[in-house]
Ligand code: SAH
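Here you get one chain, nothing else, as structure tokens; it is the form predicted alone.
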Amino acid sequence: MLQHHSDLVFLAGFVIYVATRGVFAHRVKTVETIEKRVGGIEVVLLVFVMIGSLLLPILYLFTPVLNFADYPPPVLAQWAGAVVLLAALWLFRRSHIDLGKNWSPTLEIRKEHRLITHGVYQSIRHPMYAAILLFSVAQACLLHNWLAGYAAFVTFLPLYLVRAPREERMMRDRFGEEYEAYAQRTGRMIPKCTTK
């Protein structure tokens, strides 16, 4: 129940994170979807992600329900968490801005969908997933609770492992050789090291 400074830092970041997603979801809500690929496993994994990244942190921050899993906050983890949180929020927002009306919360192709290869997408194909992973790491560093702290990471990783290959298959189906060339020069979540 907001016991540490790191809880307030996380809460501020959490509000910014949710608000960012809300703003961009509102912007694309009228854009027509021409193809949707959502499988049952993905829906189940999304529910687990919501529990791990939304429900458990809220329970930890505002109720005593999860107090049994608290541990003393390491100072270095709090500082590291704040830095990682800032990086995650920047990358999350930048990813949405660069995608513009091509963004969707599930695997979808929008009307007039374009392959985005500029901005943060110039170096990595999945910067939004990278941002969510960073946010999960920040959550683990800032929330000193074995359940609420690590839940986002534990629940997001399986979703990423299922969704990223499906998303790349969808992009290959839509953009063909253009996407293939893009995939060759970029990394999934970390820029490729190229030697010349």
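Sequential numbering from 1, following the sequence displayed. Just so it is clear, the structure is predicted and the values come from calculations on it, not from any experiment.
Omitted from view is the form predicted together with this ligand, to which the following refers.
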Do F14 and this ligand share at least one heavy atom pair within 4.5 Å in the model of the complex?
-> no
Considering only heavy atoms, tell me if T106 and this ligand come within 4.5 Å of each other in the model of the complex.
-> yes
According to a 4.5 angstroms non-hydrogen atom cut-off, is A140 in contact with this ligand in the model of the complex?
-> no
Going by a heavy atom distance of 4.5 Å, is P127 a contact of this ligand in the model of the complex?
-> yes
Just one of M171, L59, L147, L45 has a heavy atom within 4.5 angstroms of this ligand in the model of the complex, so which one?
-> M171
Choose from 128-136, 66-74, 45-53, 25-33 the stretch whose residues reach within 4.5 Å of this ligand in the model of the complex, heavy atoms counted.
-> 128-136
